[in-house]
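Given next, in structure tokens, is a single chain: the form predicted on its own.
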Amino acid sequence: MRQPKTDYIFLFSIFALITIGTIMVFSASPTMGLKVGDTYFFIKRHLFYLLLGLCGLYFALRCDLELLRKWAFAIYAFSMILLLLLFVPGVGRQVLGATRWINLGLISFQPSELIKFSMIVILARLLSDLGEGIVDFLHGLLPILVLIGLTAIIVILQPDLGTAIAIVLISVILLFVAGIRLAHLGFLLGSGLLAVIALSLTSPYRLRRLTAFLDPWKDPQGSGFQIIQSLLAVGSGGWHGLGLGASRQKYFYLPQQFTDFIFAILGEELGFIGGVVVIILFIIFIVRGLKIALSQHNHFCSLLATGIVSWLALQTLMNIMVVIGLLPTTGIPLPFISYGGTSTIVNLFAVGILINISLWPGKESKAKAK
């Protein structure tokens, strides 16, 4: 069997994005660091999370994918337990009205980031086991829909509609790749759209985000403030940007300036050209990642790779669309760029699994040779 080769272009895109992310966190976070008495507070934590993430990537490279497949149900169950712990008084930590973090003392952990990966693993296992049985609605598709729906509902209760939408969309992509009937797919998409509209209109919190998206200038000092400041940051960057470190919006104007809205600061400091370079790097990552998925003969590995690439691609698309005003605010971080402990660690672990999958045929052939 032909030995697979390391895709250095794929690796370059990953580490280029990580490098840009580190530079942007360093540039965008000092003003918020002043609140805790250390301008380097967040960049030091980011580097620590990055180190843990790279350790996770290395561990994922060494991981036995057959063992990962075997333990798919246990991984999902563990992630769900962590997710449910958020609702235990004293365990879940509330920030900006949402209980999404488990307080671990010095650091906090966000189970919703882990559940995205766990959902991909469990769906890859279930769909690879089902094979053509996915066309049977009652015995094939319905149990999987119950699993997806249950997970999404628990995430929505945090509340975190953006993550729930991402989980459902990733699941739909995997179902499509697995061979779901188009009639069933249309029903799912239609039902999902109606559910999102209903949830948005019946929640005052989400309704404010929706109205702010439709007309942010109606309440420029309230619900529309964040998107207005984001658009001002992106627009003021022009073609070449104001220069690295020269952002004005990071001085307590733009909220979440080094987390969910870091792309706005990037656009302000590095301009349209800098933004396009980052988007091109993401496109390279996605295209080369999909190439890995399509090259796999192992159904589980192919679905797992497709899920990981779809997950990071959807998050990238959703984040950038929010920043430039094409989607309501979702609270979705930009992979590899945004500051965030759990997201950084889980994303890099997932990338390690993706690289592992690309080398898996070679490992199989060595095992057979023995």
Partner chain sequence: MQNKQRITVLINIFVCLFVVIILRLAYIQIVKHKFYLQKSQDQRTQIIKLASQRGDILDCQGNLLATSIDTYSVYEYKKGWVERKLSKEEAEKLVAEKPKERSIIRERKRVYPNDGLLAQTLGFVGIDNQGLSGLELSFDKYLHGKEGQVITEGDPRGRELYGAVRELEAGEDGMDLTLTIDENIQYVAERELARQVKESQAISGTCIVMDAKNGEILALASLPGFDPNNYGQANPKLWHPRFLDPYEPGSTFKLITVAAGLAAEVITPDSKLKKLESITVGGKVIKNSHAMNFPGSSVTVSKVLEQSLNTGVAQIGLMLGQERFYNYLKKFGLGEKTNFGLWGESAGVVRHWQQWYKPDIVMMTFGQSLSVTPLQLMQAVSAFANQGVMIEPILVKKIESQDKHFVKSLSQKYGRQAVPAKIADEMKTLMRNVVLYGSGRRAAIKGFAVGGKTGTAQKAKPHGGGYLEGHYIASFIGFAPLNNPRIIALVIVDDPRGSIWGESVCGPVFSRVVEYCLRYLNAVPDML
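Positions refer to the first chain, counted from 1. Predicted, not measured: the structure shown is a model, and the values here were computed from it.
We do not show the form predicted in complex with the partner chain, though everything after this point is about it.
When the partner chain is considered in the predicted bound form, Q229 lines it closely, a heavy atom lying within 4.5 Å. Looking at H297, you'd find a heavy atom of it within 4.5 angstroms of the partner chain in the predicted bound form. Although the partner is absent here, T259 is not a contact residue: none of its heavy atoms lies within 4.5 angstroms of the partner chain in the predicted bound form. None of the heavy atoms of F137 is located within 4.5 Å of the partner chain in the predicted bound form. Within 4.5 Å of the partner chain in the predicted bound form, a heavy atom is found for none of F78, S118 and L188. From the list 40-48, 311-319, 63-71, 340-348, the contact stretch for the partner chain in the predicted bound form under a 4.5 Å heavy atom rule is 311-319.
This chain appears without its partner; in the predicted bound form, the one residue of L199, L82, V177, L145 with a heavy atom within 4.5 Å of the partner chain is V177.
Residue A293 is the only one of I122, L86, V168, A293 with a heavy atom lying within 4.5 Å of the partner chain in the predicted bound form. Residues of 322-342 placing a heavy atom within 4.5 Å of the partner chain in the predicted bound form, in sequence order: I324, G325, L326.
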